[in-house]
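Shown here is one chain on its own, the form predicted on its own, set out as structure tokens.
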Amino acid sequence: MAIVNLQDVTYKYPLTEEPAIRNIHLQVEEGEFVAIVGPNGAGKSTLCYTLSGFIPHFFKGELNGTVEIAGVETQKSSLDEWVLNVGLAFQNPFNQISGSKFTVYEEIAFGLENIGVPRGEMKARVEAAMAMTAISDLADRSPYSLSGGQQQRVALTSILVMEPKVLVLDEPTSQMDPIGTREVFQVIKEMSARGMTVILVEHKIEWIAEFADRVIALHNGEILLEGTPGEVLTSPLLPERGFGISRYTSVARTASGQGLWPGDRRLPITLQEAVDGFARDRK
């Protein structure tokens, strides 16, 4: 049974005429790593807010359909109950720092304090989470003294330490360099392998191709495509609808039109796929 179940979900923000998302049907299995892609205004962040319970418990507006996670419907629960099952990391980490703690260690422990986790267990969970995201050396630093990439790691760690059943991430690597991005994707994949369900909004197509189990393409608030990374991220519909695509997919598509990439061969998404594909024709 799917841990995430959305049936015919449509949401419209207050004082707006058009829904931000509409007719969303989505099921996600436990431990699955699903990536959501789409151009600006596609409804990606709104879908994250819906999954995390901020819609309808914080953003009011008009929500129709069924949003169910771990057998509980969002409209039949409170936000404080919902967040025990679902964790959300925002695109801007500054918005997630509480402002009430002096050190990174205290910031990460803040959520556990609020739900009354015993001190010994809290200490063990905080230290394990910080080790996993490679920020143990930041423990005594002020959250406000960190770079944007470091703050994103702290925000992610503060969610991971809560051990939610579903992790919702809205562009968690937007301020990170390639090395930091790979490290974070590896952490997310490891959490998925341990049984945590991950739903990720991200523009970094090559990383999605390497790590995600499934990709959903949103366009104008609706699901346009759904399938494996190879199926969705190489679809000709994406550039036609304003999606960003991998440079390697673009190059191979052009080469295909010139007879330099076989038409029956799947287009590449990553550098390695492109290298392997072109190398095959040189042997």
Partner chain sequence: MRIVVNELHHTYPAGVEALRGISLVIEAGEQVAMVGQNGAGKTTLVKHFNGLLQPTQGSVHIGDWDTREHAVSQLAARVGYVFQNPDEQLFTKNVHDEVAFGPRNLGYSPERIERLVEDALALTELTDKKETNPYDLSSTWRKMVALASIISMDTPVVIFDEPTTGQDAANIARIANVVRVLRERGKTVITITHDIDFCAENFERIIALAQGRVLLDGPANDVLAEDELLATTYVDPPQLTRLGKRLGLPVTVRDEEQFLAAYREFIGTEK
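Between two forms, the rigid core is defined as the largest C-alpha subset superposing within 1.5 Å. Treat the numbers as computed from the prediction; the structure is a model and nothing was measured. Positions refer to the first chain, counted from 1.
Although not depicted, the form predicted together with its partner chain is the subject of the following passage.
Asks: Classify Pro178 as contacting or not contacting its partner chain in the predicted bound form by the rule of any non-hydrogen atom within 4.5 angstroms, answering yes or no.
Replies: Contact check for Pro178: yes, within 4.5 Å of its partner chain in the predicted bound form.
Asks: Verify the contact flag for Val251: yes if a non-hydrogen atom of it lies within 4.5 Å of a non-hydrogen atom of its partner chain in the predicted bound form, no if not.
Replies: Contact check for Val251: yes, within 4.5 Å of its partner chain in the predicted bound form.
Asks: Is Ser246 close enough to its partner chain in the predicted bound form to count, meaning some heavy atom within 4.5 Å?
Replies: Heavy-atom contact with its partner chain at 4.5 Å: present for Ser246.
Asks: How about Met1 - does it come within 4.5 Å of its partner chain in the predicted bound form, if we only consider non-hydrogen atoms?
Replies: Heavy-atom contact with its partner chain at 4.5 Å: absent for Met1.
Asks: May I ask you to choose, among Lys189, Arg125, Arg182, Lys165, the residue with a heavy atom within 4.5 Å of its partner chain in the predicted bound form?
Replies: Contact residue from the list: Arg182.
Asks: Which of 63-71, 229-237, 211-219, 32-40 has heavy atoms within 4.5 Å of its partner chain in the predicted bound form?
Replies: Only one stretch passes the 4.5 Å heavy-atom test: 32-40.
Asks: Can you tell me which residues in 193-229 come within 4.5 angstroms of its partner chain in the predicted bound form, by heavy atoms?
Replies: Contacting residues: His203, Glu206.
Asks: When the rigid core is used for the superposition, does Leu260 move between this form and the one not shown (threshold: C-alpha shift of 2 Å or more)?
Replies: No; Leu260 is a residue whose C-alpha shifts by less than 2 Å between this form and the one not shown when the cores are overlaid.
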